[in-house]
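As structure tokens, one chain now follows by itself in the form predicted alone.
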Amino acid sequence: MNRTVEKGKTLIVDGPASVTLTSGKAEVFGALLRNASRVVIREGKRLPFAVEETAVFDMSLGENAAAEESDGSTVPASWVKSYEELTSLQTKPITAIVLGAVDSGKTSFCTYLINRLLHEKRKVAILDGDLGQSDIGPPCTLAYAFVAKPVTDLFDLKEKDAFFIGTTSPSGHTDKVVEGLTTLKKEILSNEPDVVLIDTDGWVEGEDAANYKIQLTGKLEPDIIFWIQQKDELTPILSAFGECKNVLVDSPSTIGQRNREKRRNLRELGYVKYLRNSKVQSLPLNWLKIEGDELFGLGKMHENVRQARKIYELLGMKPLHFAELPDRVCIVIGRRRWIEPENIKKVEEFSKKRVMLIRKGNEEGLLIALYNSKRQFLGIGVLQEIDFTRKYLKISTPVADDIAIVNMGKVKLDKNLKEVSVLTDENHP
């Protein structure tokens, strides 16, 4: 359907939708649209089309999509001032971090800054640090891209490199997130950008979140921090950042609030994007380095045969897989097998370690990351099966070859790439 919007108004569209500018002038977050420009809006996303000259849009709205008009621009005046603050800095490259709560407009603000910087012919890199709402790389990763042309959705960018965390939240994994972001920033700097923008996750409430953000900014050494605040939710953290240049930024009044289900749906679009054209491959375990396998201990075969036999005796059976690690004993049993709880306690008393019990088949659907021998990120995959007898991994992935390292995550997907219950230790649910 066609819709005419007068000069000075903004057309706000909630996806899923497709919008094509057929005449007039309009822009999205500073990206000027050309005639016949088509913009796709994902479900759970909202885009503002600011009209500079009376425009006609051809719109196709999906289920639950919506479109409404607003007077004036929805871009806050503080965004314009923030851009001026950023470009007034004399350092090169400039590193800027954007902090804010969930659905405060961090990614929209980054998109606006990118487009303004590109207009000034700046070389811009965007580092996506939001695990739960990854736009640039696959879900559960940190990733970056260099932006060559104006963009309306960072999801359209192709990542140059990524760092797999394997979860949708930094909570409990802050050290790894900080390591990943500092590693990727170092890589970005080697390509001599003018500006590095770092978008962050929305975890800002509580002492743990505050300590994490302090640790993060300390390691990333920004020249400027933008704080997108809706009320006063960032005040407890802001007081700890006295030395860096801090700029308060308004959250757009039209920002869309997403519930947990909508955020999960957006992630699932990411799984589809990065797992399309997957094929099942069987890879010998002895070809691979396995990382992040706290529940399996793959490749950690027990060298003390006598002690292994004693543990089998205490269990009352020989499991499919057994590995004794420094702090735990990993045991995998068949789908229909059973171990008496008192036998597990005997093993824990004997080994003085926690027993982690996994049932065969529970590994199916586990999200994994794939790297080559030089530890270059190749992509993601889904674990189909661990063949403990033949010592093979079966994985579904679009990555064709050069797989040398497999990093196991904490997220599971079903056959439709929907998130399901996380893989757990049966002995300690």
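For every residue, the number given is its place in the sequence shown, counted from 1. Nothing here was measured: the structure is a model prediction, and the numbers come from that model.
The same protein also exists as the form predicted in complex with a small molecule; that form is not shown, yet it is the one meant from here on.
Of the residues given (T168, N115, T95, T107), T107 alone sits with a heavy atom within 4.5 Å of the small molecule in the predicted bound form. The contact residue chosen from I311, V147, V178, A101 relative to the small molecule in the predicted bound form is A101, the criterion being a non-hydrogen atom within 4.5 angstroms. Although the partner is absent from the chain shown here, none of S282, K360 and K391 has a heavy atom within 4.5 Å of the small molecule in the predicted bound form. Partner contact region in the predicted bound form: 47-55, out of 47-55, 400-408, 383-391, 370-378, criterion any non-hydrogen atom within 4.5 Å of the small molecule. In the predicted bound form, the small molecule sits within 4.5 Å of a heavy atom belonging to G256. A residue is said to contact a partner when one of its heavy atoms sits within 4.5 Å of a partner heavy atom; P252 meets this definition for the small molecule in the predicted bound form.
For the chain shown alone, S78 is not a contact residue for the small molecule in the predicted bound form, no non-hydrogen atom being within 4.5 angstroms.
Taking non-hydrogen atoms only, T217 never approaches the small molecule to within 4.5 angstroms in the predicted bound form.
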